[in-house]
Each structure stands twice: as structure tokens, then as C-alpha cells.
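First, one chain by itself in C-alpha cells, the form predicted on its own.
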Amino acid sequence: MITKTPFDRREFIKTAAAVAGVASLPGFAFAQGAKVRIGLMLPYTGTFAQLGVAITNGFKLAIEENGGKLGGRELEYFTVDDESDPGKATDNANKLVTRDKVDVLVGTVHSGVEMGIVKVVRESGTLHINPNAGAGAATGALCAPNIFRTSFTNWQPSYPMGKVLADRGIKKVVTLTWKYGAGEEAIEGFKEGFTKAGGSIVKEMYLPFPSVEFQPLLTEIASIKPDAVFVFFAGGGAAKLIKDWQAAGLKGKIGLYGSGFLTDGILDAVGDAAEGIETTLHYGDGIETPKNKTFRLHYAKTYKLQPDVYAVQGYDAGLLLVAGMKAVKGDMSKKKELYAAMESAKIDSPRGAWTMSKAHNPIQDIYLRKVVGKENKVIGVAHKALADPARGCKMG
């Protein structure tokens, strides 16, 4: 005969409360073996596809070098190709945050897409690490405790070239860029550094993005005869400008300078036209440190590719997350402690050690580089430990 135990409602409520209490304890979920959900929102097709792949490779390499775990927890990746399309940015970010419920959103390359990500993560509180996009607002007026950057602001690589040129006695400069956010912010950075050091901007020139009809502008530059020209271009546009500059007979007559994206990744395409061009950037060829040598060797061995600045930024995004997760032993519910650990981390980077500013940007050395053959050779440090001014950032 089976004896039925009388149902005790008070006992049930007590037991249910106890279970609920355990489930709500910090770390309960990950103690049950839950994986850290990493969202990668990067361009995997189109113009910037190579950059997205390099960032992904670098990020995964950093995790792999640290045992393949974060604070003792396994990882699971969720990827979205953002196509470098700002119009799809909010929907794409929401796919990762709402549908995939990622713990961390890593992205992106395009500044316009980054603005969409920032909107979503500010609303959701999701931890966000930006491994490239230089939009100033992301860590300026729209800064937040959960938003971190491991690359640069558009202002940062350009600002030091102003003093470099002024120190050489260059007084009058023409600026040239595409008429879009990244170009305008880069030019503003250079202008600030150059005018502060006593130089003057003779003329500011713009092309609609992504036009490469440089010829009329180069003719005008030749007639102005400035001491130098400072530009912001990247990729195919940069390659076309450098070749057109040589074809117009300006090479060797007027100095052409820019932030380092001008000559990164395009040297094979332009032949000798880029020889001698000087740029400023937070990475370059020939940084003779054990860390950089080991990184380059490991990356090349793992991916059968040579790493670039984008791979370094992805790698450092991984190192930053490793540092934060180690401090909280994988418990992402401890947001305050996690963010504090990321803020105070000293990143042993291939570019050189760097720390995080209060606005969550790298405080980093900006190198002076010169094109020598097929390399952007580091020839000096244009500015030690430079922090972006992060204007408009009110953290908290």
C-alpha cells in the first residue's frame, strides 16, 4: 500500500524560495557549465572583409594563447557579417544581443556601423569591445562604462603629425580627405596639432566618399605650392591617390603625409610610388620587441598570413577581455569588478604596452613611419603615450 504524503503548501513555498535564491546567486549559471557567448559583428564581405578576418584571427589567437577559456569558462562564438552597412547596423547588433543573447559584442570596422552598435549596447548594457572603428563619439559624448576600444580614435593617429611637420619648419599645409566622418575627424586632429605648433592650413579640400577623381585637386595643389599636403585615405582610394600623385609630377616636389592608413595594406599595389611617404600610426613594421616577434610568428604559423594593424587590434581586444574575466573568475554578473579590471589592465601588446584612458581608449605611443620598399618602417615615436581628449565624455 502506497502512503500519500499530505501536500504541505508552506514547505513547498520554502523549498521553491531556496531554489530561486540559489539560482539568483552570482555565478550560478556559469557554475553549471554555461559558455561565454561572444558576438563578432564585423565585415566578412565587401571592401573591408580582409580587415574583419584579421580582427577575428587576432582576437581568437589571444584567447587561444590564454588556454582557450575566459576566467575558466568555455566560449561560444556567434558571428554576423555587418557588410560595413550603417543602415543595417542596429538590426545586426540586435540579432546578437536579443536573439543570440551574447555576453560580449566585439565589433566593428566602419565608424557608421559602430554608431549603431553603440546605440544598442547603451540600451542593453551589453559589454562592447570596439577593435577598430575610430568614431570619436563612441568614447566621447556617447561613452559608457560598458564600452571599450582597443584601436584608436580618428583624431589620435593624425594629431602627432602636426608637431612633426611644424618642427621641420613646414608652415603652410593643404589638407585633403573624403567628406565623411572618419576623414573629417582625422583632419581635425592634424589641424589641432599643426596649428598649436605654429603652422597654418592654407586650404581644406574634400571629395565625396568614395570618389577617387583626384586630378582636378592635384592641379590646384600644384598651383597653390604648399610646403606639404596632409591626407586621410585608406584602401583603394589611398592607392589611387599615391599613383596619381606620382603621375602628376608632385612626388619629390611637395611632401605627402597622412595617418598610417594611407600606406597600410596597399604597398604591393602602388610599386615605387609610395617610396619615402611618412605617416603616423600606433603600429608599424620593425618594432623590435620580443612580444611583437612572438606575435608575428604565432599569427603567421596559425593563419598562414602576415599580421597587420587590424590583427593587432583584434588580438588586444582578446587580451583585454582575458584580463577582465580573469579578475572576476568568469563571473560576468560582477559588472563593476569586470569593468574596473578592464580599465586598469596594462595590455602587453605587439604595438608596445598600453593602458586604458578614463574614457576607455588606449593611451598609446604613435609611431612615425616611412615607406621603405614594401614596409612601413618605424623610424621614431611621434608622440609618447597619447590619449584622445574624449571631448563630451561623462562616464557614469
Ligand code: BEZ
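From 1 onward, residues are counted along the sequence shown. In this text, rigid core is short for the largest set of C-alphas that superpose within 1.5 Å between two forms. Model, not experiment: these values are computed from the prediction.
Quick note: we don't show the form predicted in complex with the named molecule, though the next part is all about it.
Since only the chain is shown here, I'm wondering whether A182 would be in contact with the named molecule in the model of the complex (any heavy atom pair within 4.5 Å).
Heavy-atom contact with the named molecule at 4.5 Å: present for A182.
Close approach of F261 to the named molecule in the model of the complex, 4.5 Å, heavy atom
Residue-level check for F261: yes, a contact with the named molecule.
Find out whether any non-hydrogen atom of S111 is located within 4.5 angstroms of the named molecule in the model of the complex, and reply yes or no.
Yes.
Quick one: is F48 in contact with the named molecule in the model of the complex, heavy atoms, 4.5 Å cut-off?
Heavy-atom contact with the named molecule at 4.5 Å: present for F48.
Among Y283, Y315, F232, F194, which has at least one heavy atom within 4.5 Å of the named molecule in the model of the complex?
By the 4.5 Å criterion, the partner-contacting residue is F232.
Within 4.5 Å of the named molecule in the model of the complex, heavy atoms considered, which of N154, T126, T177, N92?
Of the candidates N154, T126, T177, N92, N154 is the one lying within 4.5 Å of the named molecule in the model of the complex.
Report the stretch among 199-207, 133-141, 286-294, 72-80 that approaches the named molecule in the model of the complex to within 4.5 Å, counting heavy atoms only.
Among the listed stretches, the partner-contacting one is 133-141.
So which residues in 281-317, when you check the named molecule in the model of the complex, have a heavy atom no farther than 4.5 Å from it?
Contacting residue: only Y310.
If the two forms are fitted on the core, does F152 show a Cα displacement reaching 2 angstroms between the shown form and the other one?
The answer is no; the displacement is under 2 Å.
After fitting the rigid core, is the C-alpha of F233 off by 2 Å or more between the shown form and the other one?
Result for F233: yes, a 2 Å-plus shift.
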